[in-house]
Structure formats: C-alpha cells, structure tokens
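Quick heads-up: it's one chain on its own, the form predicted on its own, in structure tokens.
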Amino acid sequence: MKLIGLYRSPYVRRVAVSLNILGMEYDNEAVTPFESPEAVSRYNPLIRIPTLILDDGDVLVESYAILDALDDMSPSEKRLVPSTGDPRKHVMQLSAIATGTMDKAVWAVYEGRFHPKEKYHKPWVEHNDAQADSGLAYLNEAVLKADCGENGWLGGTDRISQADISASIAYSFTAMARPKLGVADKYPALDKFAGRMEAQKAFSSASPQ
C-alpha cells in the first residue's frame, strides 16, 4: 500500500498510526497537494490528503472512510472501532470530537497561511481556536473519566482504539500548530495520556517533525 501525504497533517497521521497498529505495511509518499498537486490528483480528484492506494490498485480517500475500510479488512480482534453497541458509539463519539478538534486547529492555521495579511480575519481564527480548545477540554475530561492511568485506554476498551489514536493526534497537532493556546498547562491529563501514546513506535515512526 502507498499512503500519500505528509505526517504533519493530523488526518494523514491518524491513518499512518492506524496502519502501524494494525500491522499493515505501507510506503509513505510525503507530498502536499499545495506543492505537488499532480502527485495527488492522479489518484484523488479532490486533490486531498490522505489518499491510500491499496495493493490491488483501488484508491481510498478521506481519513474516516480509509479507517473504516482498514477496519473492515482486519480481523475482529485487531479492529480499532468496536463492531456494535455502546462500545462502538463511545469510540465513534470520541473519535468524532478528536477529528473535529483537528479540523478547527487546521482552519485556524490556514487563515494565516493562505490569506494575505489584509484579509486575515482574527475573529474567525479566535472562533476556531475556541472550538479546538473546547474539543480538547472534552477529551481531557474523557481521559479523567476513563481513569486511563499508566495502562488504560480512552475508549473504555481493553486495548487501543481509534479514540486513543485520534484524541492523541488531535492534542499533539494542536499543541504544535497553535502553541499560544497553552494546551499542556490547561489539560495535563490529556497531555500525559498523549505522551504515553506518542512514546509507542506506532506513533513515533510517523512523527510529524
């Protein structure tokens, strides 16, 4: 398989980490659609990352759809989202909050990166920062409620789930991309939990640095 996109993208990174945890081999083509659109457009008409090319040549796009397909390709004991019931709803809910947090942090970054200075809209940036901050606050409370400690999991499962992956990456990305939010001081439980996740090879081998 080939994963197209930079690990700096939290969406690419959550796919990469999930592939690592699922034990699926892949190559990474570290390109951005802004700098190398042709490298993406030949596979994905939306010219977006992540894009995943499967071994049989089929192409998957959008991180949520890619992750759903990867789970479907995996044996039940390895899947990162429970198949049914309340455990599935809980993991899906936390993953959605985490992904929404990524969205808001990305949008805040893009306002400064892609708009000329005279069109930079500070209230819009503050609005997105506030939403990202609120998402992290929710995830911090979830870590406390789950009593993750040194070995527990955010999704309430007996092993790592997509909730753990996405929440950790949402935190790490926001801390890196929006340092003025001071998230480490605000959300120490989430900071500690994300640090434990980031120490795993599945995460460190897909470092955004």
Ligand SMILES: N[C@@H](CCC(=O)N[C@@H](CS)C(=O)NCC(=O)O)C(=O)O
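On a predicted model such as this, the values are computed, not experimentally measured, just so you know. Throughout, we count residues from 1 along the sequence that is shown.
Keep in mind that the form predicted in complex with this ligand is not shown, yet the notes after this line are about it.
- For this ligand in the predicted bound form, the listed stretch (61-69, 177-185, 158-166, 138-146) containing residues with heavy atoms inside 4.5 Å is 61-69.
- At the 4.5 Å threshold, heavy atoms of Y120 stay clear of this ligand in the predicted bound form, well away from it.
- In the predicted bound form, none of the heavy atoms of L154 sits within 4.5 Å of a heavy atom of this ligand.
- None of the heavy atoms of A170 is located within 4.5 Å of this ligand in the predicted bound form.
- Proximity of I47 to this ligand in the predicted bound form: non-hydrogen atoms within 4.5 Å are present.
- Contact residues in stretch 28-47 (any heavy atom within 4.5 Å of this ligand, taken in the predicted bound form) are P33, F34, I47.
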